[in-house]
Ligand SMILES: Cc1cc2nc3c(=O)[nH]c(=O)nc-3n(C[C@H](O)[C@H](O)[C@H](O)COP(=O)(O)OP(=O)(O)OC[C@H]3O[C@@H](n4cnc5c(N)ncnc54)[C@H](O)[C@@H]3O)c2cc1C
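Presented as structure tokens, the chain that follows is alone, the form predicted alone.
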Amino acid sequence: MTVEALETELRDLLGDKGVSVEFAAREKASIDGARLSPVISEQLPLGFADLVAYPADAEQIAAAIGAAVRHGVPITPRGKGTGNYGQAIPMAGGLVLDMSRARAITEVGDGFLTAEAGATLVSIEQAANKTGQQVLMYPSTAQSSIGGFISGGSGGTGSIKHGMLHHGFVLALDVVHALPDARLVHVEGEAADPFIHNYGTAGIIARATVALEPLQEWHGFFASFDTFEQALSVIRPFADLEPTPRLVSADLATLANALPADPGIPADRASLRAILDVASIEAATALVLAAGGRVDDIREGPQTSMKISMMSYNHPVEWLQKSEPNKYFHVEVSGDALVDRIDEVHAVYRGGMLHIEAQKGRPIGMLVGEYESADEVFAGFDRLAALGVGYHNPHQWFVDYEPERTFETAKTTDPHHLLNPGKLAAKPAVATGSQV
């Protein structure tokens, strides 16, 4: 590995402002949101970059990868660094490829949008809206980049209707393999599937084309209840509203008490937040009132949708950790038992409390507990399974979606094992600890 020689070549390719070996830049490029997981926090630091490259477009991404391969330097791709579990940490050192400057939106057409890997989902949604369209879904951290979302995400705001990333969201990708003559490789449809949710271990996404749909008039819907059980009772009916909601989340009063004051999320009450098509607000209101709740506010505008998104999926864990540092951990869970056996679900972990999300077919969520040890976290998996709860262990950084396929793909696309080393386990089923 000749980092110094790679630095020289990258400066020729990207210019002096496109490369950094400064300690502060390398440090920033070597961390993500892994401290959200107390299990991973106990293992930090996991790696440190030797240098950072900032390609300005897709072609420069390919050029930088080719240079790193020729010098035998490991490559860790990075978008906005909003991941939470170490997938963007350079465990083998080497080059961190920061793609946040490659953010051009190159085309918006009827039903599709093409953008470079560093474009944020906020900018993509705004560009789509200007043409009377919207993205099918976006991550709860809407400042995430499209390359990072496709490489590391699963679903998000909009997934009640559209499912996961591999359910038609990605139309085409330009990916780069870890070869000395690296170039943009265009793949469409099913041929793009092997590069979704694999953390760049089989090819780094440089450009993406994603599906759009007609723009809807979304409103933020805020409701509250005396008890969490009342909120749970409407989760499945909310998923079946027409038009389908973009997002529905609910929590115990514990979250409301940890959040900044907001009249739409009153303290000491179980909270439900939703992003609803204006045509479904009347039906949603009837569901809330019939369950003994009340509607606290209805708000218009994209900023409200973003606010509600930032209180979904694992974001409630962040708010709880801010209110009481070093106290909480979470496990991803799914299934009807989250509603039907909630007391037993809560009892799996000390201080257990469920954050729930509406989905078609079965609700999903995050089961939050008070952290004792990694062993106690993992021991709870069997107890969850016994209740009929599906679970996924988020406290690890291995590829956990189609890992065998990724392993086989990488034999050709990354023959020298330089792409995001440490993230693709030889025996992935052992590493993931999950039951879907």
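Nothing here was measured: the structure is a model prediction, and the numbers come from that model. The first residue of the sequence shown is number 1, and the count goes up from there.
Below: the form predicted together with the ligand, not depicted.
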Out of the stretches listed (144 to 152, 105 to 113, 261 to 269, 228 to 236), which one is close to the ligand in the model of the complex, meaning heavy atoms within 4.5 Å?
-> 144 to 152
Pick from Ser305, Ser224, Asn84, Ser249: which residue has any heavy atom within 4.5 angstroms of the ligand in the model of the complex?
-> Asn84
Selected contact from Arg101, His166, His315, His346, since only one has a non-hydrogen atom within 4.5 angstroms of the ligand in the model of the complex | His315
Do Gly200 and the ligand share at least one heavy atom pair within 4.5 Å in the model of the complex?
-> yes
Ala63 near the ligand in the model of the complex, any heavy atom under 4.5 Å?
-> no
In the model of the complex, does His162 have a heavy atom within 4.5 Å of the ligand?
-> no
Touches the ligand in the model of the complex: Ala117 (any heavy atom, 4.5 Å) | yes
The ligand in the model of the complex: within 4.5 Å of a heavy atom of each of Val135, Ile196 and Pro394?
-> no
Taking the ligand in the model of the complex, which residues of 70 to 84 have any heavy atom within 4.5 Å of it?
-> Thr76, Pro77, Arg78, Gly79, Lys80, Gly81, Thr82, Gly83, Asn84
